[in-house]
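Taking the form predicted alone, here's one chain by itself in structure tokens.
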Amino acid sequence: MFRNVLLQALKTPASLSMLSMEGWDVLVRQARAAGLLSRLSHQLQGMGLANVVPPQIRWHFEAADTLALKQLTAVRRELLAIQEALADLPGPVVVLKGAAYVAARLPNAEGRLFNDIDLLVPRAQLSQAESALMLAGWHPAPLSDYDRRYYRRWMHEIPPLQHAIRETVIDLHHAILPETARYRPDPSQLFARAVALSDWPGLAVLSPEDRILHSATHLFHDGELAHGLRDLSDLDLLIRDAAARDANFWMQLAKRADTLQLGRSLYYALRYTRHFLDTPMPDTVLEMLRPAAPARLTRALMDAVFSRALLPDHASCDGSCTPVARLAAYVRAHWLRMPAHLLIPHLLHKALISPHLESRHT
């Protein structure tokens, strides 16, 4: 009955005034599972609708706001530490994803929850950046020997670094997709258009088009979609903000996607932000992306997968096909990242050997 209550709340917050207490209960659970409770709270406050939240429910939103504010403060503190640690790095240090939204003061930083801080540096400076961060207190998080080798040999990032005291995590990237991936955007093109941050000397963020393309790439090349709707909400807000600032945004975005070989990811991002969140966009941009669009059968299959896998990971959103959809998204993401001769041994190792090794150490 309330399967899409969170989507309805995000699209038309005024409709919440008609919601029953049972509906509010499900809404809070879905929003918390999706990592969107504080974002929804900020949306209601911004629209002057905070009073539609029943008094019995309000404390959930207040607690979520407190957590989001605490994390926002923590991200700013970590950016200061990163800024200091990497001050001698000769090349650009680009902040990605959630931390970039904070550093650039973007609308979707409000109410955003964070798992880690993502950085992008030139590959030639990766070792220097890693050493500098380790001297500042970040050290490789515990991983199996197999996983460490997997990161170093095949991935577009090194193993996660965790601070010895604060336990904050940094993902240090040298590209936005693995070298084994089917699509491989040239990192040098991302650095060339990165925008320096006046508030954070030495740090930069991707250009508006590139940050949208990176967000789309991360979402549709990542098999872990527990917070897929939050990432889709990020895309929605990034698109709305960029389109409002630049009349030529849509043309530039489509051209940039073609340059970076990310037209398919952008197509899916626009298709599903419109489907789930009613993101406004001209029909002409989808027409421009037609060469990158999947065939009709593939498109129908992806609709069946993502219409389920991108919903909140909560029982009220699950249908009989949801587990299959989530598994399909996971396998697809790995298929895009690695060719079959690497993928099959990797999946077999993760499915059969890794659980056995982990049980021996517990």
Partner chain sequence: MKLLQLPAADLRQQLAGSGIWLRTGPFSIRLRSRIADVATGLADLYGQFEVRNPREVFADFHVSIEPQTGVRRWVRPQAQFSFDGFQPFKPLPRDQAFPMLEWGLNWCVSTHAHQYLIIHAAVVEKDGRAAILPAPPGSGKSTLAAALSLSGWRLLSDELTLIDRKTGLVHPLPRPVSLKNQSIDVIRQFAPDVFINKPAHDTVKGTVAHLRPPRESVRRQHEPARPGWVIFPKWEPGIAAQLTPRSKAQTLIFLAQNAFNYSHLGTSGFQVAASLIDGVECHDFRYSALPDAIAAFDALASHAPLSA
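Positions refer to the first chain, counted from 1. Remember, it's a predicted structure, so these values are computed and weren't measured experimentally.
In what follows, reference is made to the form predicted in complex with its partner chain, a form of this protein that is not presented.
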message: If the criterion is a non-hydrogen atom within 4.5 angstroms, does every one of Trp59, Ala63 and His314 touch its partner chain in the predicted bound form?
response: yes
query: in the predicted bound form, which of 112-120, 87-95, 67-75, 263-271 comes within 4.5 Å of its partner chain (heavy atoms)?
result: 67-75
- request: May I ask you to choose, among His42, Arg29, Arg308, Arg332, the residue with a heavy atom within 4.5 Å of its partner chain in the predicted bound form?
  value: Arg29
- prompt: Are any of the heavy atoms in Met21 no more than 4.5 Å from a heavy atom of its partner chain in the predicted bound form?
  reply: yes
